[in-house]
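This document opens with one chain alone, in structure tokens, the form predicted alone.
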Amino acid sequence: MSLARNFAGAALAALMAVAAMGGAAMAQDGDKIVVAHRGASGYLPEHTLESKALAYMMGVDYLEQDLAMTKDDQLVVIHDHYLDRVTDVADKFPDRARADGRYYVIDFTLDEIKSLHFTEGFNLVDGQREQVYPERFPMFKSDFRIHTFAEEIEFIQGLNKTRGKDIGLYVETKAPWFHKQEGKDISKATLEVLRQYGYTSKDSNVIFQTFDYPDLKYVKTELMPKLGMELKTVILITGNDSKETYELVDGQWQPYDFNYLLDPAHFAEIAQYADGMSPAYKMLFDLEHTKLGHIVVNDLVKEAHAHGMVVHPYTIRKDALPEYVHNVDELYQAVLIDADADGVFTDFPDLGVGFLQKQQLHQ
């Protein structure tokens, strides 16, 4: 699909959003921010340009880009570093899976990846595709395609020009440890593209994030100085059961211990490399004592603020609420007001912006 064709579909979605939202303005200083998690992914397939356009017109502050590298060293916007959850790769290239059954981005050229149909996320259940969120955009309807990081930047910068705004990029390198194992430096490639498009300083409206704390230290102490860059950075935090990140220990790759990043005793050190933290929102609460109608906040945000770091938790979804809230507004209230987080990632950006506007915390 051509970029022009993508833009046409995105423009239609954007116009629909303007009608619904009244063209909400970008956040001003002092406001809390809304980050469109993979775009307006509650309404359109994640990380499509159409989804980004819809989120843009909902009045978000940042659009998220997850990045993986192709066989021919291109950066593409996709949440996983494999293709099989959101495309028809298993149909078109059935013999290209690795031993674990996954089809990795890094094993395909950009042209091959652009030939795939991009769809709403699914799991395989008894050999059949089962949509993860059944009420969202139906699988394999319409025609969506994967695009490059550069194409998305040009798309957002184009909208910023025509709309007179400065909506930011919130960039995540996916599995830097994996790319290193494959002989590729995804963080270096990401920074080089950002520099090419004028994002070089902390005044640039971009945030660089990763789950890979060892790699973040490398980015801050080696890569950025060599490239003459100093961007805002955020460390993502998840549970150890995810095995999201691996690190080299005595020459062996071992799962990273994320508990290190949750210990306030380490926050002074972490703040040397990260301007902010992005934990799962449940990490803001004392879950042992939290129940429906009674959410108990812990000190994570307070401790991060004491060390000069902002907190942007992830991910609020109205169709995947925890058992301790009745509705999505209660969850926004708990995260953004009660826990005092500085912003939030959400699949439903219009609801996040609307909530903060009612609180007079977003323009």
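Residue numbers run from 1 along the displayed sequence. Just so it is clear, the structure is predicted and the values come from calculations on it, not from any experiment.
Below, we refer to the form predicted in complex with a small molecule, which is not included among the displayed structures.
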query: Contact residue in the predicted bound form, from His147, His179, His79, His117 (heavy atom within 4.5 Å of the small molecule); finding: His79
query: Proximity to the small molecule in the predicted bound form, single hit among Phe258, Phe137, Phe211, Tyr281 (heavy atom within 4.5 Å); finding: Phe211
query: Which of 101-109, 184-192, 147-155, 171-179 sits within 4.5 Å of the small molecule in the predicted bound form, heavy atom basis; finding: 171-179
query: Exercise: Phe348 in contact with the small molecule in the predicted bound form, heavy atom 4.5 Å; finding: no
query: Contact test in the predicted bound form: Asp66 vs the small molecule, heavy atoms, 4.5 Å; finding: yes
query: Contact flag, Tyr43 vs the small molecule in the predicted bound form, heavy atom cut 4.5 Å; finding: no
query: Ile207: touches the small molecule in the predicted bound form, heavy atom cutoff 4.5 angstroms; finding: no
